[in-house]
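First, one chain by itself in structure tokens, the form predicted alone.
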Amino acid sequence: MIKALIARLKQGFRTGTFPTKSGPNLPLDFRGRPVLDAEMTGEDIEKAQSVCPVKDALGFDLEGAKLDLGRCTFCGRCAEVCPKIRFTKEYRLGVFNRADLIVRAGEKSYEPPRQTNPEALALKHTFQLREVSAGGCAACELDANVLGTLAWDMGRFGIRFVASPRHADAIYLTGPISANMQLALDKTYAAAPEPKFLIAAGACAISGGLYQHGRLPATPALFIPGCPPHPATTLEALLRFTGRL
């Protein structure tokens, strides 16, 4: 026992300092919120679409060029063939409305939305999540699981994954909702007590991503884009959703 305590003292403090004003320590190749040049044309979009693995992630309408973060897998192929698209280090990607996932060409600045829902703000000190992997590849699930480790320790904010939906404040959904998981998802969501929220994490849960999308049991109260979302993106979104940030 004494040896274990001495070893632990030598290890020191291992939890990251996030959240801080300087932000998390992101990898060099991290792709965050993209920026579209104001001068993008339909020809530029067609060039980017030719290499995009997701249908309708990129588009062009009366307002100009657009990119749907709810469909984007952040593969970066579009930026490789079109210099008018670039991926920034902006990791604060979580939004509360689906329409806010649309990135428009020529946007001057970005500031993530603030929570105003009093039912979500009431969860500021404790937020229990029941994860449902509805046919996912395990990438989103594994990166969410990382949040419970020493490095991130989201439990220090009162955020935890629980075993039963009856103990949950929100259902944390990953995966495109396969036909075999539809009923299980519906039952899990129905078992959660009111008031409850649905969180769609990752492109598959938001739109189907590369796959056909199943039916959501409710309108998500939080959308966390990515393929998969970086742990910093997820934790920041959860903290902002409950009014901690």
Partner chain sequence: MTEVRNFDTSDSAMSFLMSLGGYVNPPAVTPLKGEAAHEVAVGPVHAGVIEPGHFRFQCMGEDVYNLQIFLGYQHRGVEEEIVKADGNLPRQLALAETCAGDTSIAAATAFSEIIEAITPLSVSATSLRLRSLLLELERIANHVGDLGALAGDVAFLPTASFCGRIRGEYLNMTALVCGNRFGRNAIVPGGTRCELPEEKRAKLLAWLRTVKKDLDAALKMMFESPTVCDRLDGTGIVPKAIAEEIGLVGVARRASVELNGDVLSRAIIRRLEIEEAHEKLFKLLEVRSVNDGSSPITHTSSFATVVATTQAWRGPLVHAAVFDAEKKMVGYKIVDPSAHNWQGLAYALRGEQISNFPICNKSFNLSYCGTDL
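Computed from a predicted structure; not experimentally measured. Residue numbers count along the first chain shown, from 1.
Absent from the display: the form predicted together with its partner chain. The rest refers to it.
*Asks:* Find out whether any non-hydrogen atom of L210 is located within 4.5 angstroms of its partner chain in the predicted complex, and reply yes or no.
*Replies:* Heavy-atom contact with its partner chain at 4.5 Å: present for L210.
*Asks:* Though only this chain appears here, would K55 touch its partner chain in the predicted complex if you measure heavy atom gaps against 4.5 Å?
*Replies:* Flag for K55 set to yes.
*Asks:* Hey, in the predicted complex, is L121 touching its partner chain, heavy atoms inside 4.5 Å?
*Replies:* Contact with its partner chain, no.
*Asks:* Can you tell me if R77 lies within 4.5 angstroms of its partner chain in the predicted complex, counting non-hydrogen atoms only?
*Replies:* Judged by the heavy-atom cut-off of 4.5 Å, R77 is in contact with its partner chain in the predicted complex.
*Asks:* Heavy atoms, 4.5 Å, its partner chain in the predicted complex: which of 172 to 180, 215 to 223, 34 to 42, 194 to 202 makes the cut? Say which one.
*Replies:* Contact criterion met by 172 to 180 only.
*Asks:* With the partner absent here, would F60, R92 and T242 each sit within 4.5 Å of its partner chain in the predicted complex, counting heavy atoms only?
*Replies:* Negative, none of the three is within 4.5 Å.
*Asks:* Of these, A134, L101, A168, A105, which has a heavy atom no more than 4.5 Å from its partner chain in the predicted complex?
*Replies:* Of the candidates A134, L101, A168, A105, A134 is the one lying within 4.5 Å of its partner chain in the predicted complex.
*Asks:* Given a 4.5 Å distance limit between heavy atoms, list every residue of 17 to 50 close to its partner chain in the predicted complex, or none if there are none.
*Replies:* The stretch touches the partner through P27, L28, D29, F30, R31.
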